[in-house]
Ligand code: IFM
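Just the one chain here, the form predicted alone, laid out as structure tokens.
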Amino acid sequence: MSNLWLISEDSFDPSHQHHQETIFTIGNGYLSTRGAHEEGYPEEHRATFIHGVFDAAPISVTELANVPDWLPLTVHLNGERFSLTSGAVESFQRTLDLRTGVLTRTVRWRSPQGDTATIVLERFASLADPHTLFIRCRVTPEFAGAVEFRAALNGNSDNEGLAHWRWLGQGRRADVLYLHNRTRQSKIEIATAMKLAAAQGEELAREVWDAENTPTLSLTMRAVPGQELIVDKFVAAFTTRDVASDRLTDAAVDRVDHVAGWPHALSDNAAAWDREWQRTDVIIEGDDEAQIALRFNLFQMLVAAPRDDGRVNIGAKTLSGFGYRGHAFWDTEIFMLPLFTYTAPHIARNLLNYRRHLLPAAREKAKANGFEGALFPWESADTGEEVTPTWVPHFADRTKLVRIWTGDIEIHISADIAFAAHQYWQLTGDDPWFIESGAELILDTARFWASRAEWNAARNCYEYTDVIGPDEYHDHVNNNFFTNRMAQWNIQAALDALDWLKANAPASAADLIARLDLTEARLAHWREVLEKIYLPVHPSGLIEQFEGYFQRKEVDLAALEPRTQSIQVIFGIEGTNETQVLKQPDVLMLLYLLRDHYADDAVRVNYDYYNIRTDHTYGSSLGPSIQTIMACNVGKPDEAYEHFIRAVRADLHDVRGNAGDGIHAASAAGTWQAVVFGFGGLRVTPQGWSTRPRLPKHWKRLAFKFYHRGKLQKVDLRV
């Protein structure tokens, strides 16, 4: 049986290098590094991103700044530089060990002059000490002479042409070289330090090259045929988000200087990863592809998860690529948070604290739009201000611009954040956090919804008009059912939270009542909005996604197969807006989130209606995982598995052709929900938890763990 912890490739194809750079991303929750080659390659998208290190950028307002490059390590065989673009590559293999986060590349290379060697490059970002990074290079020459290793820190990194860093200085302390840089606008400083150690072989010469912004160490060793040479590169990185500026360089140099060595660091890293997998791993027997693909998706979420910082979020592309510029969306709260809430509550709490920390900015956005309470930005970065670009180049004609409305009218995110906070509280029983932070998130978002509600006298109801629901194929719609129903849920949850606070934390209740101006008159208005929100449902249980949706043009999606483009590309933005085709089915997402509020028959009616109208493969990557769960809910395991495979393959198979931009984080985290809540049938209520397994017919076993009220629960389902 194949090793179900390894992601491997047996050849290097430059036409797919950006996809592979994403796939072979490594990280440790502090930073992540794309799978670019140490020695470089033309047209690469080489990048390392650190949580919270943003800088100004045109169009996207701000973006994660690609930090100074720690990877450079080149090998020279008798003076000839190892490169995949020259000489002859006689064998190639690259492997990512998901169990330990170690990336290994093995190449047998013959230089243009005929010198041959096997070169093995291993690297990892330590999970045990997130500020430390390691590369080991092993060279087995088949010739006599010399092998030179050149290691550098490169401060000339950029974001696809945009330079964010200014050089401040560099230097040497004993065997350690360091580099000091600062972002141009946000003024975040970073210090990186490195040393190069010969672990095996005869050292002939050592030099230091003090090239500005690229300090370099050269180490030359004797080459004897068949005798392996081993060199280790140790790197440390700190920013002024971690330590004060006057201590920054010392922190990086001292950390490198005190590294105990490769074997010790490797062991500590493996132990740290073992602890992660003890909580998070999901075992699938009978389906090797599903097993390794799910582990890959979980790995990518674990390397992006901030463990020690409550001021940062996980962007839609994690820290693995330039896509969405590191901005965070509702993807975090609805798709990623459940994974962490159930398996790593401390990480979930950090992510929720990010929103709590940025409540003032959400209040300012609501105020600027003429409303009360907290209106969270559709795209968020470091300050919590709205960073959704207003205009972007048209995907089909780069000479034209497209108006982006999501930052203006995709308002459901405020309820999504409240939902995630409430879910975390209910599952963990973390009352202190709820009293300190969670209740305020729920109450202040409720203030927004009550303020935003529009009275329609003719209908005798409250409405939410001119919005965008999760299905972004349709914009400027009225009464999107997902938005209206989640607003209703949010207001009810706020009223319940206030009652709970009055009974369990009266001082905190009094404080919030005063600070948020929760007068009896205001609460009475909340109750009126709650009761009269426009939420029409057909007698059959069918829910109209938004007002007028049923009158849109029907499209037979099956008749358009086979295709390799989204419906929006085929019909155009305006044309798609006139159809019933969905990027993702809002109604089914709502029924998933509020499953206990809807009868099985209603779920079945809506699944059958909306499933065939959804652009599953080329629409949103967020949809397939939830479709898996809903298909399980209505007793359609074959359809569920089809959706699931589409989800777990999203990045590994580059299903949408854009994985080179970074990991689809919502999809990656959603695969855990698909397995646990869909196939495993896990349901958690105030009374406890239960499972209703719906395993695919070829699965023999499904096992997973989760935390409930602070206790680790184990589920093991076998056929």
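Since the structure is predicted, the reported quantities are computational estimates derived from the model, not experimental observations. Sequential numbering from 1, following the sequence displayed.
Keep in mind that the form predicted together with the named molecule is not shown, yet the notes after this line are about it.
Contact check at 4.5 Å (heavy atoms) against the named molecule in the predicted complex: all three of 316, 331 and 622 pass.
Exactly one listed residue, out of 255, 583, 349, 365, brings a non-hydrogen atom to within 4.5 Å of the named molecule in the predicted complex: 583. Here is the short version: of 592, 82, 425, 324, the single residue with a heavy atom within 4.5 Å of the named molecule in the predicted complex is 324. Shown alone, this chain has one stretch from 614-622, 521-529, 225-233, 269-277 that lies within 4.5 Å of the named molecule in the predicted complex by heavy atoms: 614-622. Taking the partner from the other structure, the named molecule in the predicted complex has a heavy atom within 4.5 Å of a heavy atom of residue 378.
At a distance threshold of 4.5 angstroms between non-hydrogen atoms, residue 472 is in contact with the named molecule in the predicted complex.
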